[in-house]
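One chain comes next, on its own, written as structure tokens: the form predicted on its own.
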Amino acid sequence: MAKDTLSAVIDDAELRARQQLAEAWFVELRDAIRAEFEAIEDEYVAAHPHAGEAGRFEETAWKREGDAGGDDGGGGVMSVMRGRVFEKVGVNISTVSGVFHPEFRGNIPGTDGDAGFWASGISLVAHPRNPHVPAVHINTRYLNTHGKRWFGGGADLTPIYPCDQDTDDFHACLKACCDAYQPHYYAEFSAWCDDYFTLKHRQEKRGVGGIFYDYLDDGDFASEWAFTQDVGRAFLKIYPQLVRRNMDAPYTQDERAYQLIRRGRYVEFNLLYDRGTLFGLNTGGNVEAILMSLPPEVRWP
């Protein structure tokens, strides 16, 4: 099957329809995640009357300045909750367009002759309060450049104290999602995740993995789009189970201190290696939204 390139196969109306489809889904997924996480906060406070008020997401909308000035560069909404279970969780949606900076465009497919781009996506990072509840990250995105389009994203788990059952269940859920589409997806994307989420300066993994994929463009938009949606649904299915499983586990001050040190690894990775961070900073994104992924409290030895 021929590649589904933007220039050869679809017209402007179909391109815009696909973009609107993606943009609407990321909002829908964002809303479902926020509702589930707030429900977890409610459950915890109901069981612990003296814990304080349940957390709630607070929204901050932002606009990206267009490349020629004005507000036609798109924008997004940053949602952050600081609660009893989730010390800090942020979930961002954004849709931006414009022209890549000259020093950045060479790294992006389809930008050799035309540096224009359009991108929409969702990104979430959760830093739980209890050291026995694993931190988590998920993002999925859809990008268009001149003559190219692709999906990317993934989900990965970063426990402070790894639990085999949690790790196995997380991977099993993502594997089932992958296996429903292509038999090679899970092995390929899991290995990619392990390689990507490595702190090369420390020669250590950030967490226990998951899946990571990028430049997904095999020529079947419908299948690739359905897969990207199902990655979000798989995350929403498994991660709340892990939170509820562990949020009442007792922990010591020493375990809390170790949690803050391990969070430092998260900071190091996101500032040094994370593609989403680099993409946002090089496309005029909102700095606060880009750095939303950083934990609220961290310590280095």
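Residue numbers here begin at 1 and follow the sequence given. Owing to the predicted nature of the structure, the values given are computational and were not obtained by experimental measurement.
The next section is about a form of this same protein that is not shown, the form predicted in complex with a further copy of the same chain.
Residues within 4.5 angstroms of a further copy of the same chain in the predicted bound form, judged by any non-hydrogen atom, belong to 82 to 90 and to none of the other stretches in 227 to 235, 188 to 196, 82 to 90, 115 to 123. Checking 46, 272, 61, 39 for any heavy atom within 4.5 Å of a further copy of the same chain in the predicted bound form turns up a single hit: 272. Each of 202, 278 and 300 places at least one heavy atom within 4.5 Å of a further copy of the same chain in the predicted bound form.
Using a 4.5 angstroms limit between non-hydrogen atoms, residue 291 touches a further copy of the same chain in the predicted bound form. Remark: residue 287 counts among the residues lining a further copy of the same chain in the predicted bound form, judged by a heavy atom distance of 4.5 Å or less. Among heavy atoms of residue 27, none comes within 4.5 Å of a further copy of the same chain in the predicted bound form.
Of the heavy atoms in residue 255, none are within 4.5 Å of a further copy of the same chain in the predicted bound form. In sequence order, 267, 268 are the residues of 231 to 268 having a heavy atom within 4.5 Å of a further copy of the same chain in the predicted bound form; the partner itself is omitted from this view.
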